[in-house]
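Both blocks below hold the same protein chain, though in two forms, and each is given as structure tokens: structure 1 and structure 2.
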Structure 1
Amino acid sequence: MKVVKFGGSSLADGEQFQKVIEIINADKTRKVIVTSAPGKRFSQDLKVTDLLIEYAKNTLNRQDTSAIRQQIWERYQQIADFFRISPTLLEPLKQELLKLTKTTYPNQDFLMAAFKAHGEKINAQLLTIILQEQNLPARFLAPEDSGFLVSGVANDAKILDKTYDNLQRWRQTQTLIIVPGFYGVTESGNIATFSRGGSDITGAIWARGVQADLYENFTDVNAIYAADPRIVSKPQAIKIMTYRELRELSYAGFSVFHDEALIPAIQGQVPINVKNTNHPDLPGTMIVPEKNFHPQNVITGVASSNHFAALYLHRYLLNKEIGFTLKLLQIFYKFNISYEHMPSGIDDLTVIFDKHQFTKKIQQKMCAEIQKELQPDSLEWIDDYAIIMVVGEGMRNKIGVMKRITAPLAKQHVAIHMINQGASRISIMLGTKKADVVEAVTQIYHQFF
């Protein structure tokens, strides 16, 4: 059986719902359907989840909520109208949206979570009604009824292990199960959501829970591409890749899946198929376990990301000094900063960070403390740092890959500031200046494709 998740753009309006229903009907093994909230219909549009956040804020600030509620409801009404659903069937959903303001919650965070979750909940209920109206045996299954239990952080929930046992019994389902993505319930019965984009996680958890043969993730792109189409024109679609290739590529900008969504699929060894709701006949991209994977190409993809910064420290005899790195890490810990990489040399150390964690103030304070505690001979903050990831299971046993990557860069005078080849040997990371990224990615891509 298959678990199928539809993203927000796939469920944004009546026309998109129609495509989703055709996809469900086309394959009887599609048994568990996970919905997102209605997403954007055009680029300036608003996602229902964002409208719900507004609705929650208005409620918290005791402002009038009727306009925003009306705006949210219109999104569902438009979909219902497309399928000529009777007002009587819709009334309970409308009431549910209203009831949100009248319920009591343990605190403001749980109020926010409950409001947000209703984007997917109402969408799943609406899809169920539409399918039932078409005489399809579908049932809406809320987390409290399936046993989809999460830990108690209201807006960044984690799945509880017992959920997997609870979900197992739905493997034999004869009816179509329609499940809302993005949230679960805590053991005390409160709604808690995953972080944003978390419907992917719900799908992966279900896929593992029912030991699905396949987790289909329907979105609005034809496939995952070997390079960013904004950098390389018409890059090749990746037909098949491994979980860890995707992990390495996501790290530098391949934002296909929610970060946490891969884990349950890996744990359950369920293959994932990323497909396009608008072109369901295309094969999309398969993401599979490493075992028995036979790479066709040397590299699978090349990704890049500009949101990095680096801290360069130089100190004579650093290699002999015990506890230097420990003290440095303690400072990161104190500032609640995680680092990505720490390539080091005999007298120097570079630490690479995700820039999103820093404000100018945090950066200055942290650097001042490093200066004071560690007294490096020099300390430099490099803001203009980009990372390029070249990834492929196929490079593991190949000699000369590095040469093929660096030769065209040398030709184009692209300076490489750092090279890091991980223990897995399926990725090579290059640090360059931001301004060189487009050239470097293009050159590397054309070297291999």
Structure 2
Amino acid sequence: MKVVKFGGSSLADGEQFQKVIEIINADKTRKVIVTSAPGKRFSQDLKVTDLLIEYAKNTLNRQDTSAIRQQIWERYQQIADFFRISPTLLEPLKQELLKLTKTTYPNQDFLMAAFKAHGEKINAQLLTIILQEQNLPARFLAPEDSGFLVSGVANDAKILDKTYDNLQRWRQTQTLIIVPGFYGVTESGNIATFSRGGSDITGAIWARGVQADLYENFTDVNAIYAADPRIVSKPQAIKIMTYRELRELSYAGFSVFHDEALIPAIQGQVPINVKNTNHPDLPGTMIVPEKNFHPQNVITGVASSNHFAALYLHRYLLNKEIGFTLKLLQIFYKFNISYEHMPSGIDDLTVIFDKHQFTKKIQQKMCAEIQKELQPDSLEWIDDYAIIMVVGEGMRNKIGVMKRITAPLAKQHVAIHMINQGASRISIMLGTKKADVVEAVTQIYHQFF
């Protein structure tokens, strides 16, 4: 049995819907189909989710919503027209969109979640209608009907463990089950969404719940590549990689697959196949457990991300001072800030953060409190910071990998501000200036590929 998720670009218009239907028909073991909301049809197009956010904002601000609602509906109408679906069958879906403004929600966050979720919900309902009109045994299954239960955080939901027991009963289904991605329902019956891109998470949860043999994730690229094609021209496709390799690379910028979506698949030990909806016969990239994996290359990929900042602290005899790090972490806790990494020396400590957590005001207030409470000899906030992740199961038993990574950077005068290697020995993190990222990634890629 296979669980199959289709991304927004795969379901953007009627022609893409037709490709999806052909993929479903090509393999009868594809039983659970997870839909995203319609994505972009061309580069300047808008995703339906973004239109729904605008619809929600207009509703909250008590502005006229008729124009934006019509713009949203036209996306679904165009898909329906491609398949000549009758207005009678579509009317309930149109009413779903209208009903959003007339429903009472616990608060504004749950309103926003409900609006956003309907991009996936209406798309799943529409796909079900189209399949049924083609005499295929398809059934739309809403989260409240499948028992897909999530925590009560409106726009950052987490799956409840009981969901997996609820989903298990669908393993023997003889019909096609069409489920909307991106959201679930709380135990009190409210819609709550995962973080953006959460349809990947939905697919992985279903794959674990029904103990699928394979989770297929269809997107708009042929495979996952060893480097970002926007940085390295025509990088090598990765044929097979491990869960933890992709986790490391996704964290540092690989955007093909939502990094949180790996967790349910790992827990269920379900292999994942990332494939292209437009070229479904290509093998794509397989993501598998580490057990019995034999790496073909020293490194699997190199990724980079610019959304980081660093706090540098210097204080003599820092390593002798009991409680220094505890006090620092308590200040982070006070400001509701999480840190990513904390490499240190005997007199130095660097803390790396995801910059998305900060406003200028929060950053200044936090640094002022650290200066007051800890009194470091020097404190520096580094905004011009990027990280590069070099990842590969093949690194574990190879001598000299660090030299191969750093030597070409030295030749190109790329300064390395931080090096961090985890205990698993499958990844090396480098900290550099943003301006050096492209050169660094390119040099490392060509060193190994």
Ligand code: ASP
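Here, rigid core means the biggest group of C-alpha atoms that superpose within 1.5 Å across both forms. Start at 1 and count along the sequence of structure 1; that gives the residue numbers used here. The structure displayed is predicted, hence computed values, not measured ones.
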Worksheet item: For this pair of chain forms, which number matches the form predicted together with the named molecule?
Response: 1
Worksheet item: Would you say residue 406 moves its Cα by 2 Å or more between structure 1 and structure 2, aligning on the core?
Response: no
Item to complete: Examine residue 58 after superposing the rigid core and state whether its CA is displaced by 2 Å or more between structure 1 and structure 2.
Response: yes
